[in-house]
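This document starts with one chain, in the form predicted on its own, laid out as structure tokens.
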Amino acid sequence: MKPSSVKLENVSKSFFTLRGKVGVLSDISLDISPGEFFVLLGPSGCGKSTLLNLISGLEKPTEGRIAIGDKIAVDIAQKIFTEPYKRDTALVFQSYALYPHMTVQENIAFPLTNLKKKISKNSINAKVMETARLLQIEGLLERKPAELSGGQRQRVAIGRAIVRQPRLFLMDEPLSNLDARLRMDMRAQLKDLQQRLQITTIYVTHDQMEAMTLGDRIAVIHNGVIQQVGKPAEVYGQPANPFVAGFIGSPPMNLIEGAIMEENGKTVLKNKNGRYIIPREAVLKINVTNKENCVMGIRPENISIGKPGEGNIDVVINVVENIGSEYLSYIFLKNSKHIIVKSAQKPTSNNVSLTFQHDNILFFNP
């Protein structure tokens, strides 16, 4: 079956509680291409899982229109709502949601037993075996979920989703229950699987590392509003605003608030922590609406450490962390803020100067 495109137009969702109307999503518009691995990224409570539920049909939007392929799934203005089972989507949840009394084979086969067009037991077994081989779990078919590890259970849940070859995969934080090493392994396997199957996939996560490594494109969501949509390299290198800049990256981008002014023939950003000399080449990139209240951004790997007086600002390093191949140096500022510098060598002194690579300095409105 050919993969489907997904189009959302001005989709909003509100819930009505005893406290009144609570807005969850506001005016979401997205155009997802057939076969694309599209990631919805944002902090907990931003509305990304609700958006997945709207696409699957588990929730109904308050406003807007959703099309899956050439069929309208929901259009509030025209009072169209397609039942979830008619949308030909497959959901994979964080909690696996396997039937504990069934074997792995029975769990994977279950979606095929509920089809309107009945298929033979031999065909079901053949599809289950093909799926199990794809996921490398053919040796686990007779086991029950309680006998499986977390990674094995997740593969069974994915197998149950792909066995009937849906037009659309919807995945809601499927790897978040796994430990760090297994999560990394499963990321690679999941990406490889999606590339081979070429099924359009919409993947929800709060983990920016997952988003960067899995997504063909990423939509960053905050407080129910899309902040930026783009390829991982675009979102990382050219964040649209301070939220995206601070959310993407590990460690995140350093964001320094202050006023831009001229002092002694130099352009500086000044705040209560000191004055940061802005390199001449970077001054040309200043495009904020109010220079008296702006944000300068620079990633930790784009700052170098030198001797006092040589760089953009002299500081005192408070903490140095050894993370294996690199060092993270923390400079604590007032108001519980800090600057992080990533370097290949451990600083030889706590009293240092920081030099910002002018090509990588960004400026934002607050």
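As the structure is a computational prediction, the values presented were derived from the model and not from experiment. Numbering starts at 1 and runs along the sequence shown.
One more form of this protein, predicted together with another copy of the chain, exists but is not displayed; see below.
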Any non-hydrogen atom of A67 within 4.5 angstroms of another copy of the chain in the predicted bound form | no
Decide whether E301 counts as a contact residue for another copy of the chain in the predicted bound form under a heavy atom distance cut-off of 4.5 Å.
-> yes
M212 within 4.5 Å of another copy of the chain in the predicted bound form, heavy atoms | yes
Going by a heavy atom distance of 4.5 Å, is S250 a contact of another copy of the chain in the predicted bound form?
-> yes
Full three-residue contact with another copy of the chain in the predicted bound form, heavy atom 4.5 Å, for D31, F37 and Y276 = no
The unique member of I286, V295, A240, L178 whose heavy atoms fall within 4.5 Å of another copy of the chain in the predicted bound form | L178
Considering another copy of the chain in the predicted bound form, which of M261, I119, M184, M129 comes within 4.5 Å of it through any heavy atom?
-> M184
Of these, 265-273, 148-156, 286-294, 194-202, which stretch puts a heavy atom within 4.5 angstroms of another copy of the chain in the predicted bound form?
-> 148-156
In sequence order, the residues of 11-25 that place a heavy atom within 4.5 Å of another copy of the chain in the predicted bound form are T17, R19, V22
